[in-house]
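Only one chain comes next, encoded as structure tokens, the form predicted on its own.
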Amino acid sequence: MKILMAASEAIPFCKTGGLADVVGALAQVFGRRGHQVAVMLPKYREVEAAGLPLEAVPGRFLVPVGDNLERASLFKTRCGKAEAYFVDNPKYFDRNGLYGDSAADYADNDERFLFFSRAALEAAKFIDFRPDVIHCHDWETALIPAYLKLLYHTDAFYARTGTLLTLHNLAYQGLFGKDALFLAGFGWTHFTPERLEYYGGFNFLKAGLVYADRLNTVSPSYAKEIQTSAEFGRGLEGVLRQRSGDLAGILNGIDCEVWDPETDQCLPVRYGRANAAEGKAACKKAMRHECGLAGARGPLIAVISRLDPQKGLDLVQEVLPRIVEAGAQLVVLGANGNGHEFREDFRKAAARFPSAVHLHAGFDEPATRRLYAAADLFLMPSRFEPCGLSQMIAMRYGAVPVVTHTGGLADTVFEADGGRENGFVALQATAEDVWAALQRAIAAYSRGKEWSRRVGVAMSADHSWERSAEAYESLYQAVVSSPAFGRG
């Protein structure tokens, strides 16, 4: 198939979170499986800073934005098994951050990403890349299915093109005033509750939910949760229930060559499943020295997380004194997010318990890898978690996860499941349930044979992208076989 992947970020070009990892990995795995893949991204300032060779595509094209025509140009590069294209318009993308600066989101994000969504369609025509499927990701590209159904439905170029919209996190929807509707090129006839209207405003993600040929989210459990209540569906649960027959849940994967403790050059000692106990002990000793922690009889517990209330960090802080009292240690690597209060509270805890608690503020990939390798337990008590990659990476490095029973965590971490025991599970996102799960984990750590078996099960789990790619290919086939396919 010819697949156009439209997204607001992708490794190795631009990244704020897991979305970039997923898009970059999917492009490569589909390329390896014989598909022709083109990734369409904005040409942010960060893309230039990445230092990868970019080639200008000759010429320019025009993109309607409201009553105006904005100029756009394209750059391209080859990345592994995929081509990457970058829509260039300095007015929209030559800025310090992808979505905002350190203070707030950019006030014109509606215009920036409706421009990008329509530019992606015009760019594909400009380079004569006629896709079978356009795979859109999150709200930033969710207008593409609506554009195809409402504004490009007579365009012969897209007569054989279908759409798939992947929902990575419903907490982010692209909510704007109704003026954005007209900037996007839609009209009053489209502004109804059944179509694009959302409580008097314009919701980019809802547009994609209504008009995409197929939908998926990034774990089976999350696909069910988001249809059940406003807590998970964030106001879109009704639309999702209406599209339930077109909604699938596909677990994300990780690149097992990138995340491999046997080859990871960032580790002080590399190890595999056969010598995990010795390797992890050496990595833990080095981490304790790096963080100024004392030796301890209990396990080293890691938290590697965006500083966001979603991640249950308040629960970590609530149980932290009991963790120390139990003889365990805690290292927190807190990246990104707006959780300044979390960062300050962990600093205070590190000052209160200097031999048992350490905070590493800010994203640092080598330190992240060293911490995965050093940790005995990986704590991730999310209030909701569409999929989660961190628990999969932790298991790859032999750090046994302690998680809440939600979303992708429920689909990947099992406490008692007929031989698949690879972690510990708190049934509710409460301090008491999280502490009870930690107590079970700390007790199991003291039982050598049981612990070694659980670490082995965790490290042997298959979280590669190949299984997920097969599921996506089935969705692509459903897209091109749907009644809407060939609407031109």
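What you see is a predicted model, and the numbers here were worked out from it, not measured in a lab. Residues carry their position along the shown sequence, with the first being 1.
One more form of this protein should be noted, the form predicted in complex with adenosine-5'-diphosphate (ADP), which is absent from this view; the next part is about it.
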{"item": "In the predicted bound form, the residue from G174, P261, G334, P131 that sits within 4.5 Å of adenosine-5'-diphosphate (ADP) by heavy atoms", "value": "G334"}
{"item": "Answer option from V324, A296, L389, I127, heavy atom within 4.5 Å of adenosine-5'-diphosphate (ADP) in the predicted bound form", "value": "L389"}
{"item": "All of K15, G18 and K311 with a heavy atom within 4.5 Å of adenosine-5'-diphosphate (ADP) in the predicted bound form", "value": "yes"}
{"item": "Any non-hydrogen atom of Y372 within 4.5 angstroms of adenosine-5'-diphosphate (ADP) in the predicted bound form", "value": "yes"}
{"item": "4.5 angstroms heavy atom contact with adenosine-5'-diphosphate (ADP) in the predicted bound form for T368", "value": "yes"}
{"item": "Partner contact for L330 in the predicted bound form: adenosine-5'-diphosphate (ADP), 4.5 angstroms, heavy atom", "value": "no"}
{"item": "Interface membership of G97, adenosine-5'-diphosphate (ADP) in the predicted bound form, 4.5 Å heavy atom rule", "value": "no"}
{"item": "Partner-facing stretch of 81 to 89, 157 to 165, 180 to 188, 358 to 366, counted where any non-hydrogen atom is within 4.5 angstroms of adenosine-5'-diphosphate (ADP) in the predicted bound form", "value": "358 to 366"}
{"item": "Any residue of 293 to 321 that, in the predicted bound form, places a heavy atom within 4.5 Å of adenosine-5'-diphosphate (ADP)", "value": "I304, S305, R306, Q310, K311"}
